[in-house]
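Just the one chain here, the form predicted alone, laid out as C-alpha cells.
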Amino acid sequence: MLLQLSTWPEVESYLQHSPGIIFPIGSTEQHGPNGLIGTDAICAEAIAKGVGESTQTLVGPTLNVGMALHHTAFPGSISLRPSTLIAVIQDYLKPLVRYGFTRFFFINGHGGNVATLKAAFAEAYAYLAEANLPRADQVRCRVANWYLCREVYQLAKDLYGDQEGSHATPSEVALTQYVYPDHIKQAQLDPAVAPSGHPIYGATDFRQHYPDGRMGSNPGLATPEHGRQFYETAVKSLSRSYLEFLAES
C-alpha cells in the first residue's frame, strides 16, 4: 500500500489497525563509472515496497535526495545540508503524528544519511513534544540500513569477498540491475578494485583520493541475479525487523 496511491479515507481506515509507516530514503549521487546516480534511492525504494507488501504496511514517498555533500565534485550529484534534511524529517513527522502515526521506519540506502537521521530523530522527539501533539511521547523512529542486515552482509561477503568495498559496491549495483535491467551500464574499471582507506572530508578531497568515485569496490562483479538475491534477502530480514519494531512498547 503506497501512500501516494491511496485516498485519505483509506489512510484513515489503515490507522484503525496500524500506527506504522515505512519511508525509503536514499541519495542522488555518483556511484562510480557503472553505477546509477540514483542507486541509493532505487535500492531503498524497491526494498521498502517489498517490506510493505510483506507486512501489509503503508509506504511513504521516497526521499530521493540525502546528505551527500562529499560526492558533489562529481557531475550529477546533489545533496541536502544536514540541517535541511533534519528540517525535512520534522516536517514529514508533524502532520503524520497528528493523524495518529507513531512508528516511523526509515529504510535507508545511503551511509551518509545515518548520522543526520539519528540527529533528526532526537530533534523530532523534542520538537513534537514542544508542539503538544497527542501521542508525541509514543513516537518512535528507526533507521534500517538494508546493506547492513546480517544476512545481506553475509551474502555480499560470500559473493564478492574483499571486493565489496564501501561505496559503489557490487551489491548495490546488482540490486539496481535487478530493478532496472534495461539500464545496466558497462564501463572499464581500472583498477578493477578501487582504492580505499582514506577518511571522508570535503568533496574536492574525496575526488582526489577516489578519482572514479568508488571506494574499495569492484562493481564489475554485479549481476541482476545477484541483485534478486539481495532484494529477497533484504526484504525478508527487514520485514522481520519492522514487525519487531512495531511491537515494541
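Residue indices: 1-based, along the sequence shown. A quick note: this is a predicted structure, and the numbers were derived from the prediction, not measured.
Although not depicted, the form predicted together with a further copy of the same chain is the subject of the following passage.
Engineer: Would you kindly say which of L189, V65, L221, M215 lies with a heavy atom within 4.5 Å of a further copy of the same chain in the predicted complex?
Structural biologist: Contact residue from the list: V65.
Engineer: Considering F74, Y160, Y147, Y178, which brings a non-hydrogen atom within 4.5 Å of a further copy of the same chain in the predicted complex?
Structural biologist: Of the listed residues, the single hit is F74.
Engineer: Would a further copy of the same chain in the predicted complex be within 4.5 angstroms of a non-hydrogen atom of every residue among P19, E151 and A156?
Structural biologist: Not one of the three qualifies.
Engineer: Is G38 one of the residues lying within 4.5 Å of a further copy of the same chain in the predicted complex, judged by heavy atom distances?
Structural biologist: So G38 counts as contacting a further copy of the same chain.
Engineer: Would you please decide whether D205 lies within 4.5 angstroms of a further copy of the same chain in the predicted complex, comparing each non-hydrogen atom pair?
Structural biologist: Taking the distances in the predicted complex, the answer for D205 is yes, it comes within 4.5 Å of a further copy of the same chain.
Engineer: Although the partner isn't part of this model, could you tell me whether P195 comes within 4.5 Å of a further copy of the same chain in the predicted complex, counting any heavy atom of the residue?
Structural biologist: Flag for P195 set to no.
Engineer: Within 4.5 Å, heavy atoms only: does E12 come near a further copy of the same chain in the predicted complex?
Structural biologist: Yes.
Engineer: At 4.5 Å, heavy atom to heavy atom, what parts of 65 to 95 sit next to a further copy of the same chain in the predicted complex? List them in sequence order, or say none.
Structural biologist: Sequence-ordered list: V65, M67, L69, H71, T72, A73, F74, P75, G76, S77, I78, S79, L80, R81, P82, S83, T84, I86, A87, V88, Q90, D91, Y92, K94, P95.
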